[in-house]
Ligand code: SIN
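Just the one chain here, laid out as structure tokens, in the form predicted alone.
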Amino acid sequence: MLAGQTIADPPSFLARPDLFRQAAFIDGAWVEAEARLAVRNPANNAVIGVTPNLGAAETILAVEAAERAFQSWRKLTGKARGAILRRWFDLIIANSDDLAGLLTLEQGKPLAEARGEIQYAASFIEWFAEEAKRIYGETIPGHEPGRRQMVIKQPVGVVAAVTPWNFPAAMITRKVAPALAVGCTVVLKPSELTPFTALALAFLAREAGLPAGAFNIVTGEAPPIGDVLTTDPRIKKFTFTGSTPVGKMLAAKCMATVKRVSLELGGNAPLIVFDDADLDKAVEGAISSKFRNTGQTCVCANRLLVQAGIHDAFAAKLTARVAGFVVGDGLQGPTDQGPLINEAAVAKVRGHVEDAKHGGARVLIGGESLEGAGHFFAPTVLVDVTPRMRMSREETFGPVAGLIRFETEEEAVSIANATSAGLAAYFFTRDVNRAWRVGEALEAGMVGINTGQVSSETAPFGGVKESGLGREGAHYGADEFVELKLLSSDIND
């Protein structure tokens, strides 16, 4: 995967071939290197193209560029910054088909889901383009005669962002848009598994008028890049989405220079179905939450807790829905499920299923990897799963729904909270009192009630416990990139 990889031709489906960039983006220029990483299509394992395998030296150049750009970018009015972001939004929407195709090509999700992600990603840019004019401060009544106090919000400075492969567009814009809106500049390290969506977004940002150095993308393997992003004192804010162990390690490195840190880490979301739930709505909610992106989401339902009175009917209906899924390459026709990202992901899912079977769980459908060159695993439903099994204790990150039977509300809440993760939780009930009671009792940053979806640009996204720090989205997302400054003045003569 290193030197010797050759530049590939752009995919033939692109209306704009110039969106396919096989170079990093630093200080407004496209940067190549002899050492390159191959990027593969998880649906067939074919090489799509290459990106530079950059290191510490190039990352330092990107930090320097961002620091220079910060001095002028921060001085623009919020309205002026918002206008540039709005043009970026418009360009993303205009090129959404190409962006969705690139996303499916490198990440594997069904094309319909990729189109949805591009719209979702763009929504953060639109939202924060509007919020750029509303970074309000506050006046505080003086504590003594003649004292005036004001709190203002100022951009924190250069921001380092590290994003994952499962949402190659939305995880970027959810961080970059608010940072740029408030006046920060950004150095981004996207996943080496899915860099082309990120690079296409940067190309459109430059086309929209974003000045050189305001948004930089450094491609390559994580360790040398991450070392600079976590230790360089010129970086004032570090934001990361990824696994909990890696997030803890990166946050510890950031403390050497006391950077502000935001972390969106792993989840182990429960989805609880009570006896009084609308059965069809609960099944559709489980499908939406569990099987979106082939189960590769941090907020997907990892544990399905179903009350005894409705358990068998729910399992039958869920299995029937899963049986109708079309699995395959999203660029070859309509699909419901795509591949997993790589063979390691397949091995993990297989291991969880085998562990559950060994512990007494029964497979109602699926339960095995699919033959072929791609990284496919059959959509799976299991029953007789217990809280002690690996799939109940760890994120499966695959298309596997394991059903845990429970008897009482108290038991369900206890099982749901018995995890160090606390990102998302879901439950289905028709009882209004139970909705309030369980919603407040679940230890999660986001709770979906009678829905399998919780995220939007208008709502805060983030977790509690070991699922992270900070919030993304809504006006809370902008607050993550500003410092509060008190101006206290004595106006007496």
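In this text, residue numbers run from 1 along the sequence as written. What you see is a predicted model; the values in this text were computed from it and never measured.
Keep in mind that the form predicted in complex with the named molecule is missing from the display, and what follows is about it.
Classification of the binding site as open follows from the superposed pose of the named molecule in the predicted complex: not one of its atoms falls inside 2.4 Å of a backbone or C-beta atom here. Ile172 falls outside the set of residues with a heavy atom inside 4.5 Å of the named molecule in the predicted complex.
Put simply, Ser455 is close to the named molecule in the predicted complex: some heavy atom of it is within 4.5 Å. A residue is said to contact a partner when one of its heavy atoms sits within 4.5 Å of a partner heavy atom; Arg206 fails this definition for the named molecule in the predicted complex, lying far away. Under a 4.5 angstroms non-hydrogen atom cutoff, the named molecule in the predicted complex has Phe461 among its neighbouring residues. Checking Thr297, Ser191, Ser123, Ser369 for any heavy atom within 4.5 Å of the named molecule in the predicted complex turns up a single hit: Thr297. For the residues Phe240, Phe167, Trp88, Phe215, the 4.5 Å heavy atom test against the named molecule in the predicted complex is passed only by Phe167. Considering the named molecule in the predicted complex, the lone stretch of 404 to 412, 382 to 390, 149 to 157, 289 to 297 in range is 289 to 297 [heavy atom distance within 4.5 Å]. In the predicted complex, the named molecule lies beyond 4.5 angstroms of every heavy atom of every residue of 189 to 204.
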